[in-house]
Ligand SMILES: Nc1ncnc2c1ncn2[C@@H]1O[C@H](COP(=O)(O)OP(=O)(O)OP(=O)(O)O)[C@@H](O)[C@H]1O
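In structure tokens, one chain follows: the form predicted on its own.
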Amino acid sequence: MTPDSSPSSVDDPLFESGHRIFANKDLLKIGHVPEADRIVGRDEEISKLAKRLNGAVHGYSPENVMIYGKTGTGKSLVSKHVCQRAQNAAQDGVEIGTAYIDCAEDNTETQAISSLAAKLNDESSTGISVPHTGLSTSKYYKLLWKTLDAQFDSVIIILDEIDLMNDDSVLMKLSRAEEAGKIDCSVGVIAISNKIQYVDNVNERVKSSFQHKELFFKPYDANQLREIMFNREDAFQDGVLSEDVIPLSAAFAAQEHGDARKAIDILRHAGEVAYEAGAEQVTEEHVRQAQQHAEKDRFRELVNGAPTQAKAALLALTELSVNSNDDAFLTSRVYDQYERICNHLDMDILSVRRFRDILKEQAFLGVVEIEKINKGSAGGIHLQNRLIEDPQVVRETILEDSRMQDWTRE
């Protein structure tokens, strides 16, 4: 049968002609960058970031920016949005390149630079081929420099979850490239982290080279979360959402540090739950089921992306929780269990101070809850640590890491 003679459509009872629940599910994707009028509560952050990147629009160097904030506060969304607008606003004759790297996925220097070179390269324009693998780090850098100079006046690079990179030297090399004479093109870096202590642990040479400005994103409040979701209501068919679905989704997310990702996740999952159940409308009950599903997904994402030492610390707290009637434990007791785990897994044992920092980082991410307790003038003040998620779920998630699985082979 020739293409011209093929039928335009075939009615098949196995497939629906349209979706009962969703009209445009893409609006609920985490990576979706909405139009400006759909971005809620981030006007100040957008303005501040634009000022830092303004140089690129005019063909000279944008500033480097370090963005902090908890998960779901719009850091990646705003960064991508402002980069898009910078490209659109570029003066005549100024070419701006932008690239986004997820450092949870490309967590080595070689992976990050090879991905950057591939994403920024238009082979039909440059004549440069960038292989996915097989080259040394230095050769990928050389390909990147050639690619940038062949196409752009300025480039803005987003390094999301920079704290998950194995090596922070990528910051130094990117920020020093023009000064070191590697390229004529100017480069600006937006580094994004959930950890407010990230820069404190960066090499002094890297700090000196990066010379960043800092921008902090506060969590969304319940009203902002509701507005964010009402702005994406057209992801659903008309009349599908019962009136309490969006307020309840926002309320759940507001309880978890104003996480917009979680709010959107809950809304999407609620629609999926309703669809699977054969319902014609998304209701409060579907939201409650979706909230439980989204919480487990969010937690798994946080734990799976954690460094090995953080997983060992969480495993220590988990083992105590699973094997005790208590649910909160003094840091000293958790540290003792952590030492046993490290010895068994042949891992380096961190100092007590660094171990405390790891627990604080996990508390910042919403994995652990830390409470101060006062034992009086003789006992002093101590810290108690408690897992927020079900210990069995935590244990199951941590043991998905092949290195952690050795702990079960005692």
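Start at 1 and count along the sequence shown; that's the residue number. This is a predicted model, so every value here is computed, not measured.
The form predicted together with the named molecule is left out here; the points below concern that form.
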Exercise for review: Counting non-hydrogen atoms within 4.5 angstroms of the named molecule in the predicted complex, say which of C185, L317, I264, A235 makes the cut.
Suggested key: I264
Check your understanding: Can you pick the one in S175, T71, Q291, T147 that has a heavy atom within 4.5 Å of the named molecule in the predicted complex?
Key -> T71
Check your understanding: Would R298 sit within 4.5 Å of the named molecule in the predicted complex, counting heavy atoms only?
Key -> no
Practice item. Report whether the minimum heavy atom distance between F252 and the named molecule in the predicted complex is within 4.5 Å. Key: no
Check your understanding: Might H32 be said to contact the named molecule in the predicted complex, defining contact as any heavy atom within 4.5 Å?
Key -> yes
Review point. Is there a non-hydrogen atom of I39 within 4.5 angstroms of a non-hydrogen atom of the named molecule in the predicted complex?
Key: yes
Point to revise | Segment assignment from 225-233, 304-312, 281-289, 164-172: heavy atom within 4.5 Å of the named molecule in the predicted complex | key: 225-233
Review point. Along 157-183, which positions have a non-hydrogen atom within 4.5 Å of the named molecule in the predicted complex?
Key: D160
